[in-house]
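Next up is one chain by itself, shown in structure tokens, the form predicted on its own.
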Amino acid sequence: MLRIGMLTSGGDCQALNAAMRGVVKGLYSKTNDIEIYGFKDGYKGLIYSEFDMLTAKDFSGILTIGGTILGTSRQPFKLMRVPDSNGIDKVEAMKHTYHKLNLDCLVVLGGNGTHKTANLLREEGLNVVTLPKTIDNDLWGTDMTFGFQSAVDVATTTIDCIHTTATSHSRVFIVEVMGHKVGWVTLHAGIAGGADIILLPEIPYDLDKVVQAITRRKVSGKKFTILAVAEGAISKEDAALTKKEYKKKLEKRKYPSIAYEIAEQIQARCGQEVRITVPGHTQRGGSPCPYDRVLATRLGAAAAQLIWNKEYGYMVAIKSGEITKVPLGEVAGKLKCVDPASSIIQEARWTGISFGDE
């Protein structure tokens, strides 16, 4: 009997169901002697032993469905060693649930924080295999995470739709894209959607340079400008602050997000109407795009192979188009950011895109 625990943790995204389906179909291709324990709402279900017994039928027909059939929640890694309100030791509770159910392996689908906890459980002696899930594409060790391309598609469609109204009204439009710490979604959607200015967390912007880029377009006869702005975009002045100083400044910010702050500054400097569009959680929702369905299925099948071969302590990943495995210890705690010197940035600059820094 093969006993597998499975959970999805952190923010949801498209193709979580597709990835779990890939794992289950892969295992059932080898044996029908399987028990699957689906933990509810991420690590919370593992901590409090809340789960459903699942069969192959539960994973049928979910390839195209977004979200997660298991539910998810955020359990901050920094609080994992802190007892809950009832004094429960979360780590010991998770280990207890694992051993109580006599699991052979725990399958975890998640992003950066999720992988830190997964690695912690590995260090505590549990058999763990993980899959790289996040729209941000910021997990170290893999070229791509599932959910990313679907989010890019949504953000790109938003920018596409903005073009006609921006042209009609000769306005500056700001599309605020998800991405607090990294700008992968903003970068790809900005290029794909034909944004004129792209502002990323990794490239602090100078407002003077942003205004100059808008002015150049006006002088050349182009009446509108579209900015793709990551929600974590930061000015050069703010980037020079310490984390503590910047956090204090954010607490006093009168704007709901960076897009509104930039909009007010641009309107005051350029005298041009500025409008803001925030696609928000639509970037996480809906059906996964075909690319993500394929990637999630491949990663799921590869995870099944690892489990079948009793190779634990790895994250399945894709590198140079091939599925591979990466030790969890090498993944946990590392962030894959956009390199300002990378070729994709340089190529975008050659097409005339401004990153607000030069």
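All values derive from a computational prediction rather than experimental measurement. One rule holds for the numbers: they count along the sequence shown, beginning at 1.
Below, we refer to the form predicted in complex with a small molecule, which is not included among the displayed structures.
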Does the small molecule come within 4.5 Å of any heavy atom of Ile135 in the predicted bound form?
yes
Does the small molecule come within 4.5 Å of any heavy atom of Arg171 in the predicted bound form?
no
Exercise: Lys209 in contact with the small molecule in the predicted bound form, heavy atom 4.5 Å:
no
Is Glu202 part of the interface with the small molecule in the predicted bound form - any heavy atom within 4.5 Å?
no
Proximity to the small molecule in the predicted bound form, single hit among Glu231, Asp153, Asp196, Asp104 (heavy atom within 4.5 Å)
Glu231
The small molecule in the predicted bound form has a heavy atom of only one listed residue within 4.5 Å, and of Ile258, Ile214, Ile159, Met178 that residue is Met178
Hey, of 241-249, 179-187, 218-226, 91-99, which bit sits against the small molecule in the predicted bound form at 4.5 Å between non-hydrogen atoms?
179-187
